[in-house]
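Shown here is one chain on its own, the form predicted alone, set out as structure tokens.
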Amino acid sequence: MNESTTANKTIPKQESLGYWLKKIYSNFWVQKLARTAFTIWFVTTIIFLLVRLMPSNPIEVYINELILQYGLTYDEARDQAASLFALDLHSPMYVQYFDYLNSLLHGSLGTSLRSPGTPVTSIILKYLPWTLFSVGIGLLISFTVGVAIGMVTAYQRDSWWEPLVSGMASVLSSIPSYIIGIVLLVVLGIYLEVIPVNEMRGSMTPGMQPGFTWEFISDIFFHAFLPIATYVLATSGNWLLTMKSSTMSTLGEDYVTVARARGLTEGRIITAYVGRNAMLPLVTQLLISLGFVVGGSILIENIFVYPGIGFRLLQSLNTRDYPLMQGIFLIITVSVVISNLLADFIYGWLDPRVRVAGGE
């Protein structure tokens, strides 16, 4: 009897542990956090492998540069490169991988190969703010303009100009952003010569002292004008069409009809009923778009020679600077994943049915 009783008592404890583990993981928020952590680890691993599968390596690229620029022999260039790079490419891949993960766990992204002694973190902190500034301002302007015009076109969908606006928005949203940037550069800077393209290169005028002054603020907007204009033109059409579709769908809802039957003013209906509900899908889309702010500027910044994180990423790709490439790609991955997680959290908070469907 004692053995049977002991066995019977053991089974509920085991089942209870499995039950609680399953219950914890079935929670909507826990699932999202676990998937986010797994996604970051998985993408980080893929980036590590892809970077090393690229043709050539940083040592070979540097050797070729020394031979072409200074006319050194291969042996002389190899000796100079070996003394510069603290990188052992001959160690097994799994050893390099675990060393990289160990550095990440200790909060280090490593040291740039082409800038010896310079931490990758400091390079990212130097270039990232300019990308956040230019792409962020462009995204906010395009979102505001697109939402406002989209709502107006939904209300004026029977007007003569609505097809023109919608058609132009469709065309702009289908053109790649770098094509728009090249057109702006060629038309405004070369043919019409209405903007001084050479003076607009860089993030600010040499010798300009940063500070909350009108001279500094106007100067950084002057240098970021073309990238911001490109982002606005490339994304505002999509916001316009999405807001127009969402508003038209909301206008057909029963609660809008009831609000009009109650005699509410059109302004009250727009702000309290139509606008608020039509904006819900766009808020989620905006949060997701914020994650692409970091990585959505590679070609644009290089077209306009704007020193943001995308400009620095292309340089690291050309020189095969492994630590810097991995660091920038990691920042892009984390920003995209975290923005999606934030969008899930906010949407789950706004709509409890999402949390229930997610397993809570």
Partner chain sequence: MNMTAVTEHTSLVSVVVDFFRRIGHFIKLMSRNKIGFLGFLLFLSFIFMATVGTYLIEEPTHSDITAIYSPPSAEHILGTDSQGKDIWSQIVHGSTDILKMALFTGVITTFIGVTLGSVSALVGGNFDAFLSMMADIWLTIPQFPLLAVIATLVKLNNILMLSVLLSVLSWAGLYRSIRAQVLSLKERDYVEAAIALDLGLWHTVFHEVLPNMMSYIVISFTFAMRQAIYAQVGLVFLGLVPLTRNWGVMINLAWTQGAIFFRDSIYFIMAPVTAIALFVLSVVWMTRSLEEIFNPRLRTG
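Predicted, not measured: the structure shown is a model, and the values here were computed from it. Only the largest set of C-alpha atoms that superpose within 1.5 Å between the two forms is called the rigid core. Numbering follows the first chain given and starts at 1.
Beyond what is shown, the protein has a form predicted in complex with the partner chain; the following relates to that form.
Against the partner chain in the predicted complex, the set F38, I175 and T333 is in full contact: each member has a heavy atom within 4.5 Å. Here the chain stands by itself, but in the predicted complex one stretch of 138-146, 220-228, 175-183, 259-267, 175-183, has heavy atoms within 4.5 Å of the partner chain. When you look in the predicted complex, the only residue of E215, E76, E193, E253 with a non-hydrogen atom within 4.5 Å of the partner chain is E193. Under a 4.5 angstroms non-hydrogen atom cutoff, the partner chain in the predicted complex has G291 among its neighbouring residues. Using a 4.5 Å cutoff between non-hydrogen atoms, R157 does not count as a contact of the partner chain in the predicted complex.
Interface membership of Y322, defined by any non-hydrogen atom within 4.5 Å of the partner chain in the predicted complex, is confirmed.
For the chain shown alone, W29 is not a contact residue for the partner chain in the predicted complex, no non-hydrogen atom being within 4.5 angstroms. Along 311-330, residues L313, L314, L317, N318, R320, Y322, M325, F329 each place a heavy atom within 4.5 Å of the partner chain in the predicted complex. With the core held fixed between this form and the one not shown, Q315 has its Cα displaced by under 2 Å.
Relative to the superposed rigid core, I303 undergoes a CA displacement smaller than 2 Å between this form and the one not shown.
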